[in-house]
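The chain below stands alone and is given as structure tokens, in the form predicted alone.
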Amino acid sequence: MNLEKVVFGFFVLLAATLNFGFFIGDIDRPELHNIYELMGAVVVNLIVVVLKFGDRTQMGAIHLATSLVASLQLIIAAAVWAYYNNADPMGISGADMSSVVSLSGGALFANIVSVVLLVIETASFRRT
């Protein structure tokens, strides 16, 4: 068993599940979306980016690209949440929350692509 692949697979799946946990729920209800779960998704996605920097394969390049896309969208989602939450004295509205959750949805799609790539890479691995 390759510990490096186990760690990478763990973080890829953790990134996807944290993002899914944040994404699920009515898109316009802020009380259904936890800011700490969003921050966890951002941090774990950034960890995945760092783990993929050394891989020089084509599959590694695609993994890196999906992780960069997911991280960028989650960082923008967190920035949008922070902006709307601090710009309006009433807090974040349903329309504002829809923007945050939509950005998270794009990141979730990138995470799903990364998980699919991980499964394909694992299934195509041949022992010598």
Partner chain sequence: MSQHSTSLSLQAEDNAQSSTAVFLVLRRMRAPLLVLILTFSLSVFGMTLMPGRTPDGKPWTMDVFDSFYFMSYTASTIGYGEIPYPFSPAQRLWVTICIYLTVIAWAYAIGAVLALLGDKGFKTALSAQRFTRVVRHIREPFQLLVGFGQAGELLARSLDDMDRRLVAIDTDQSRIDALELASFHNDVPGHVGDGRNPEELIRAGLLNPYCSGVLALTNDDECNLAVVMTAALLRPDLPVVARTTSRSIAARMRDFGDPRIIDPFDLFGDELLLDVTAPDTARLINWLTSPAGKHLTPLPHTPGRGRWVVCGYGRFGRRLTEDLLRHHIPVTVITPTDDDLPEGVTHLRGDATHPDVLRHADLATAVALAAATDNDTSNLSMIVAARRENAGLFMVARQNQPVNAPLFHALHLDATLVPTQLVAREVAARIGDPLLWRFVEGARREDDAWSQHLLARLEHDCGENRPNLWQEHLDGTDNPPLASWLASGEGRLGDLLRDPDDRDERLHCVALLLKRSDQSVLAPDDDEVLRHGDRLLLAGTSDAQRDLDNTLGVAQLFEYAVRGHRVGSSWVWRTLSRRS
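All figures in this text were calculated on a predicted structure; none of them were measured in a lab. Residue numbers count along the first chain shown, from 1.
Keep in mind that the form predicted together with its partner chain is missing from the display, and what follows is about it.
Against its partner chain in the predicted complex, the set Ala65, Leu68 and Ser93 makes no contact: no member has a heavy atom within 4.5 Å.
None of Leu51, Met59, Ile27, Ile76 but one reaches within 4.5 angstroms of its partner chain in the predicted complex through a heavy atom, and that residue is Leu51.
Contact annotation for Leu32: none of its heavy atoms lies within 4.5 Å of its partner chain in the predicted complex. Contact check for Ser102: every heavy atom lies farther than 4.5 Å from its partner chain in the predicted complex. Proximity of Leu72 to its partner chain in the predicted complex falls outside the 4.5 Å heavy atom cutoff. For Ser98, no non-hydrogen atom is located within 4.5 Å of its partner chain in the predicted complex, even though that partner is not displayed. Residues of 75-101 lying near its partner chain in the predicted complex, listed in sequence order, are Trp81, Ala82, Asn85, Asn86, the criterion being any heavy atom within 4.5 Å.
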